[in-house]
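Coming up is one lone chain in structure tokens, specifically the form predicted alone.
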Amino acid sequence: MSMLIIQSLINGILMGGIYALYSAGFSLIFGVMGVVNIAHGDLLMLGAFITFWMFIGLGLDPFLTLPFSVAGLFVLGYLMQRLAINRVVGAPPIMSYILTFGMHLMISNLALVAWTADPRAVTTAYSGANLAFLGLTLPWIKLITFLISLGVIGLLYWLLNHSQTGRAIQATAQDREMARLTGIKVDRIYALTFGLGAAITGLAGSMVVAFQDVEPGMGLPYTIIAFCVVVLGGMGYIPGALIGGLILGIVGSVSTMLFTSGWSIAITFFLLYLMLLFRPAGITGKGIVE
């Protein structure tokens, strides 16, 4: 029984890494613009389909498609912000909810028309490969995905704290008008931030496709998971996304092992309820509380 629990903890940690990666994009966008992007999961879905079609059409290994997903989703996110979302930044939150929910409906239904609702899978020569260690099993794909996720989150954290663009993003998040007075092009920073968040999410989608079926309706569940993760770690706090992702991954894996997947979802939302009730700034206490 103890080995089963340890194996479940490992599975949860590995899955928590991918949760943290796409939730970091969600947290970044909210922290800078105050926008809760309901279409966030659909960006992950598009990244997954980019990898799927490049694998089917060009025979590219899923991990070799990552730069294409990053570039494609960055451009899409940049355009989405400049053409639509920029109009509701600073408006009452309900405006961004309505707008991004409309984007979710548009993206998911266009994908449904283009690609149908059939689930699709990417199977490579190493899809079933595992690393055996002391009686435990570590799937190679999830292990590589976990390490890439940690690296990208670390790179994002470094970018925000040690680069000129990152400092401009942080200044804009803290005080938009003061940032504008110091010469920062706020609208451009907003578009860059949204593009960066979309690129990270597309990257996560490209890695998800290696161990999960892809279909147009997969986006909304991932948006809900991202919301839970950033609430646990602290809305707008990037390191908190890693903490929240790992917690949610472990809770989901262990509760599924002990009970059922249905109980896993129930426990996740009960945990979310407790966090909102008693610690709305997240476990770290550094999240944004509106």
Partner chain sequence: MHDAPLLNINGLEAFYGDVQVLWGVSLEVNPGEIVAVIGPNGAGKSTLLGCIMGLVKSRSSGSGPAVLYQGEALDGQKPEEVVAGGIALVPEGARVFPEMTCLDNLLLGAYLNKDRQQRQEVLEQVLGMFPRLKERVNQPAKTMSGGERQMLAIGRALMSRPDFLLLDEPSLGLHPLMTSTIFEGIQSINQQGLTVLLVEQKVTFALKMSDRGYVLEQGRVKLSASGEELMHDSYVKEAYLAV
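Here the structure is a predicted model, which means the values were calculated and not measured. Residue numbers count along the first chain shown, from 1.
The next section is about a form of this same protein that is not shown, the form predicted together with the partner chain.
- Think of it this way: in the predicted complex, the partner chain has a heavy atom of just one of 199, 122, 191, 168 within 4.5 Å, and the residue is 168.
- With the partner omitted here, the stretch from 211-219, 170-178, 70-78, 134-142 that lies within 4.5 Å of the partner chain by heavy atoms in the predicted complex is 170-178.
- At the 4.5 Å threshold, heavy atoms of residue 148 stay clear of the partner chain in the predicted complex, well away from it.
- For the chain shown alone, residue 184 is a contact residue for the partner chain in the predicted complex, at least one non-hydrogen atom being within 4.5 angstroms.
- Looking at 110-137, no residue comes within 4.5 Å of the partner chain in the predicted complex, counting any heavy atom.
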